[in-house]
Structure formats: C-alpha cells, structure tokens
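Shown here is one chain on its own, the form predicted alone, set out as structure tokens.
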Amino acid sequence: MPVNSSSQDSSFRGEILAGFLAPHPPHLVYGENPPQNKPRSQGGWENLRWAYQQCREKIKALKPDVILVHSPHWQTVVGHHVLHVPHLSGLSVDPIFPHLFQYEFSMDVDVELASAIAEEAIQEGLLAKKMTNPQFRVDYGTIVSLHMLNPDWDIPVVGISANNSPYYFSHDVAQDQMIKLGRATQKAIEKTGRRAVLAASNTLSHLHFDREPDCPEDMSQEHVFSHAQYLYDMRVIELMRQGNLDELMAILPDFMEKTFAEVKAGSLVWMLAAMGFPTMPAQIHGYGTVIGTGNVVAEWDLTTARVAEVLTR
C-alpha cells in the first residue's frame, strides 16, 4: 500500500539503507519470463539476472519503506520531475525492443516523499516538478530496474527523471546538478522518516551493436562491444570495489566521452551524492554485456557501514 504520513513516526529521522547500481536492459526481464511481460524467451543473461537475485534477498532483509529510482529513459528537458500519482498502472513498451518488452506495470508511489524531494530540490536551487498525470506511461528503465530489484512490487516507489539539459553546457554543470539532487533526496528521506533504498538505473559503457541475432537470447552471440570499452568498465568497477569515489568522479567525464557511458544521465552521481559519497567498497554482484553494453550490478550497504562505525568507536 502507498505510504502516508499516518504510517510514519514523525520523530524518526529517516535514512538510506543501501544503494544499488541497477542497469535496465529490457533483455533481463525478457530472459526471466515474468507474467507481466508478454514476450516469452528461452532464458539468457543469467549472470546479470542471478546477480539481481542477491540484491532481491538483501532488499527483503532490509525491509525498506520505499525504493527510489533515477532513470535515464524518463528524459525531461525542463527540470527534474518526480512521479506524484498514488498509483500508476498500464502497458510499457520498449520503443527499441518491442519484441522483448511489453510489460503490464502496477506500482504504488510514495507521493509524500516525492513532494518532499521536489521541495528540497527547489531549496537547492534546482527546477523541480511533480508529475501528476494519472495516465502517465512509466518508462521501461524505471520498470526494469524496479522489477529486477523487487518483482513482487510490494514496496512503494519514487521515480525521478533525468534532466538532460545541463549536459548541453558541460559535464561539470550537469554533475553539480545531480549532486544537489542527491543532497535534496537525502534531506527529504530524513525529514519524512523513510527507510529507503536507492537505485541508479544505468549501464556503464553504452556503445552497442545495431544488429541482434535471430534468437535474441542466443548467448553464443553475446559479447562486449570492444576490448577498450571492457577495460574502461573494469577500471570503473575496480574504483567502486576500492571505495575510491574521488578518482571515480574525476574520470567520469572521460569515461562518458570514450564509451558513451550511460552514467552521463546522472543516475549514479545522484545516488552516490545522496549516500554522502561513501568510501566503503562496493559489493559487485555481477558484470555482463547486453548487445555489447557493459552492465554491473553493484551494492553499497550503508547499514553495514554504520554498524562498523559504531563498533570502532
């Protein structure tokens, strides 16, 4: 059910429990054959799908009040938008892979938290709006990441758009906006008393093939787009494993430029900023390619970091 203010203790200071780098290739839902998706497959991309299974188990154990997702495929030109309809449902079709993804979605939205995020974003000097269209067709990036993290759909969500306009100016301007949006998200979570999980819905390297095999799930045809792209993915992942976010942030513009990395949409920086740029090592659940793109499923468990901090005091 949707979360409302009566279900929360107003004296409780909310917190971010964990963050997940949650790539959204529709192939992963297609390979899983859930009842919501019309196309049927013979499997495929198991390394990524099994990686997500570990994340699902963690989320069930954490029992969050809400899952927030920032998606590159809800693109807005003017401002940062948040889903603000208590319940959304309908059919979402991937415009590039309609033969793989025709998904009947149904989600509850935490509109109180969404309002708080918009208000805090405005306080940060950003332009933010609430999406109040009850017929809104939710983008496949949002849906794929949420399905792969929680296929039961029994946890309310907040969806956040990707405002691409700042990138017309510079990567620095764009990343600065995402840091502010992450900070606004963190403040809103604290003020509303939510126990939240964050999901950055993007791949790493994003150069990909323009043809697919007759059988899309034929894994003998699946491989990385180029060795250079693979090496840069591994460099980024190693920095995550080291907890070296200073260097990661420093190389992101070059990574975006050379691999067309989807982190350009800001999802990863938004999540890291909301978590306060944790120096803890990320847990890498799995890496794999989808039509040549590089995808990693990664986790930052902030509850473990807090316990470790208490024990060392």
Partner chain sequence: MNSNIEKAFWLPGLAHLALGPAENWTDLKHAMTRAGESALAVKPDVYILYSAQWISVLGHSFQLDPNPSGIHVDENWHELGNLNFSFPVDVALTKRVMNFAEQAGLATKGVNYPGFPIDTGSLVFQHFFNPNGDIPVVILSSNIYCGKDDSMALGHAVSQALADSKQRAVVACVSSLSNRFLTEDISPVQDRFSSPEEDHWNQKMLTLFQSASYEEALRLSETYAKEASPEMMFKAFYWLMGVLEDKASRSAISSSSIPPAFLHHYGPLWGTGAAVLEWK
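Residue numbers count along the first chain shown, from 1. Predicted, not measured: the structure shown is a model, and the values here were computed from it.
Heads up, the form predicted in complex with the partner chain isn't pictured, but that's what we're talking about next.
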Are 116, 183 and 191 jointly within 4.5 Å of the partner chain in the predicted complex, each by at least one heavy atom?
-> no
The stretch from 191 to 199, 149 to 157, 229 to 237, 207 to 215 that lies within 4.5 Å of the partner chain in the predicted complex, judged by heavy atoms, is 207 to 215
In the predicted complex, residue 242 touching the partner chain (heavy atom, 4.5 Å) = no
Although the partner chain is absent from this view, report whether residue 111 comes within 4.5 Å of it in the predicted complex, heavy atoms only.
-> no
Taking heavy atoms only, is residue 173 within 4.5 angstroms of the partner chain in the predicted complex?
-> no
The partner chain contact at residue 291 in the predicted complex, heavy atom, 4.5 Å | yes
Contacts with the partner chain in the predicted complex, stretch 80 to 110 (heavy atom within 4.5 Å) = 81, 91, 93, 94, 95, 96, 97, 98, 99, 102
